[in-house]
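Encoded as structure tokens, the following chain is the form predicted alone, with no partner shown.
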């Protein structure tokens, strides 16, 4: 009978296909936390005294991220706050909002909920019912980024932490490469810095999605497990299926994709990033490389359709 590779406990909860390592619950939790802390230190994601805004959806990734960052908060290394976005997706979003609200309250951290309806006058359901030619992820991504950036400014956050995991990062790399979107490719990485927006950090980017989910189970974290009803039609979902199929016979493929990209990202960033000078959107006044920011451009389109 196989036992934990670290402590010898016979009750293992995971055997990593890529390495053959078997871990019990306690050793697995410790291992994930150490890997995240290693990423934070290696990439210099956090400085002492930072106020970190967590984009807290209530899903497995953001809840696990907040759980790990809370260990820094307890040691008074950082301050924490969170924002939860209600996109307005019927029979889906309410549970996640409640879980996020309850968890932030349990931890005693500053938390706000912001809705698409209050911010833009439309829910995502309303957008997709009448204006779906761009696809849900295009609208959702742009509007979510606007809300998160404004919340960071309002709450005085030094950095925004998102729950992007290894699967998310490799999907983004492949998606943007296949679409020829090198400018977006230049923005992928553990830390996204800008002259006009609050920096974004991704402490979970080297943890596979499955392990993030298992971490939540091992720690008995209450998380929203339902999938977004719009996700099945997205290009990202197609790429996700391809990567999962490749991982069956090539279990290290996502790690090698990420590491390979990290070796060339500096060259890509030097060539393609910061090519736009930022002014102000003529409608909302937010930073924009054109006369309208992307959020206002989308809203203007929606008004005339």
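Residue numbers count along the first chain shown, from 1. Owing to the predicted nature of the structure, the values given are computational and were not obtained by experimental measurement.
One more form of this protein exists, namely the form predicted in complex with another copy of the chain; it is left out here, but the text below deals with it.
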Does another copy of the chain get within 4.5 angstroms of any non-hydrogen atom of residue 271 in the model of the complex? yes
Quick check on residue 249: any heavy atom within 4.5 Å of another copy of the chain in the model of the complex? yes
Report yes if any heavy atom of residue 73 sits within 4.5 Å of a heavy atom of another copy of the chain in the model of the complex; otherwise report no. no
Find out whether any non-hydrogen atom of residue 42 is located within 4.5 angstroms of another copy of the chain in the model of the complex, and reply yes or no. no
Name the residue from 239, 68, 46, 29 that puts a heavy atom within 4.5 Å of another copy of the chain in the model of the complex. 239
Within 4.5 Å of another copy of the chain in the model of the complex, heavy atoms considered, which of 153, 126, 179, 102? 179
Heavy atoms within 4.5 Å of another copy of the chain in the model of the complex: which of the stretches 192-200, 231-239, 217-225, 91-99 has them? 231-239
Residues within stretch 255-270 having a non-hydrogen atom within 4.5 Å of another copy of the chain in the model of the complex: 256, 257, 260, 263, 264, 266, 267, 268, 270
